[in-house]
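Listed next as structure tokens is one chain, alone, in the form predicted alone.
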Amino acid sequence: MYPIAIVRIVLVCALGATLAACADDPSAPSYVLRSDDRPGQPIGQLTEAQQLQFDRGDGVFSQVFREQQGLGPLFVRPACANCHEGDGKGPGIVRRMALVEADGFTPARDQSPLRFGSMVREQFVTPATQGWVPFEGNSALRVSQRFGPAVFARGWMEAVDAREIERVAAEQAASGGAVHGRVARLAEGRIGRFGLKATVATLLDFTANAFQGDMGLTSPMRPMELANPDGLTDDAHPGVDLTMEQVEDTAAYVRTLAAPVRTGLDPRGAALFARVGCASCHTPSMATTADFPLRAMANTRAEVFTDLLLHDMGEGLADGVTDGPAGPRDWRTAPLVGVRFLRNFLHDGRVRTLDAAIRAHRSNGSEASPSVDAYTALSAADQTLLLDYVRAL
């Protein structure tokens, strides 16, 4: 069974019926709709071989896996598209667990009770007999949800030059202001770009991780089943579940999904976006590396509206989870490219309007608090201009 909260969100805001279902809801955000909104399309300038790989990856992305194909023994969803429906418009939901101190967000020193990881993986298939779910009897356990982001334009994020990320971080540090993002340097030295806390450096790694962690599908990159309450080291499909080609094709599909078309942006909204400080973290564009393998993305600008840095978002958005280089209050700046497709906002989908999302950036210790103050000081007309600008991205 899916969690009740997930079912409720899907029923209220299913992509195919959102406008009809929410039209009478005064709290529902407005959206920019246009006939060229087709986010499942590949970028231009693909070779024939690259287009064929895109098509194969599209098939794997949409495939519903069965236990005979290696699903499980524990899993979150049986298909990539379950969490990223509509060709990546998404999103889906996963839940994470953490043991915290009395303040509700500082990680407890002893996390050993979470012996099968922090991700809730409540669904299971034979030969498993139980999932990994939040356990009762420990008042220190905090369970939070994460909205899976859309996956289009992620190739542009991968194409951003590492030196550009470091440059932006240095400029923020030198400014002396509240915003001082830091590079998500991973243990092996690479820069984390993907995941809500920037824990993964490449789309290939991210894809292999998602197959293993979310679906229980092993691959040559991740050949081991994750630890589970039954102590199982294999599933109904003996050995490694996926071929390397399947992983590479799926990563290539995500890498080559085009960014949604963006037209008619009001320069007044753009100016306000910069003036209140939103653009400091949601950097409108970043330089890409000259040697990126996809010609269309090499040596140009990636208009993804993120600096790809980790920022301290304060106590209000803390989840208690330490993930790689990120602490419980740290989040990688969310890319705003294609934000018009989202129906809930922030890492956990807690709000349904952009205005509420902006205001939620203010809390004790948040780098974004001064920007929120600047936003709330705007006239109602200027706030509307800024929000309409963001809605059109």
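Residue numbers here begin at 1 and follow the sequence given. Here the structure is a predicted model, which is why all the values come from computation and not from measurement.
If you look for the form predicted in complex with a small molecule, you will not find it shown, but the lines that follow are about it.
- Shown without its partner, this chain lists 237, 197, 222, 142 as candidates; in the predicted complex, only 197 has a non-hydrogen atom within 4.5 angstroms of the small molecule.
- Comment: the small molecule is not present in this chain, but in the predicted complex one of 281, 302, 98, 184 has a heavy atom within 4.5 Å of it, namely 281.
- Segments offered: 258-266, 75-83, 100-108, 228-236. Contacting the small molecule in the predicted complex at heavy atom distances within 4.5 Å is 75-83.
- In the predicted complex, none of the heavy atoms of residue 248 sits within 4.5 Å of a heavy atom of the small molecule.
- Proximity of residue 214 to the small molecule in the predicted complex falls within the 4.5 Å heavy atom cutoff.
- Though the partner is left out of this view, residue 277 does reach within 4.5 Å of the small molecule in the predicted complex, counting heavy atoms only.
- Remark: residue 340 does not count among the residues lining the small molecule in the predicted complex, judged by a heavy atom distance of 4.5 Å or less.
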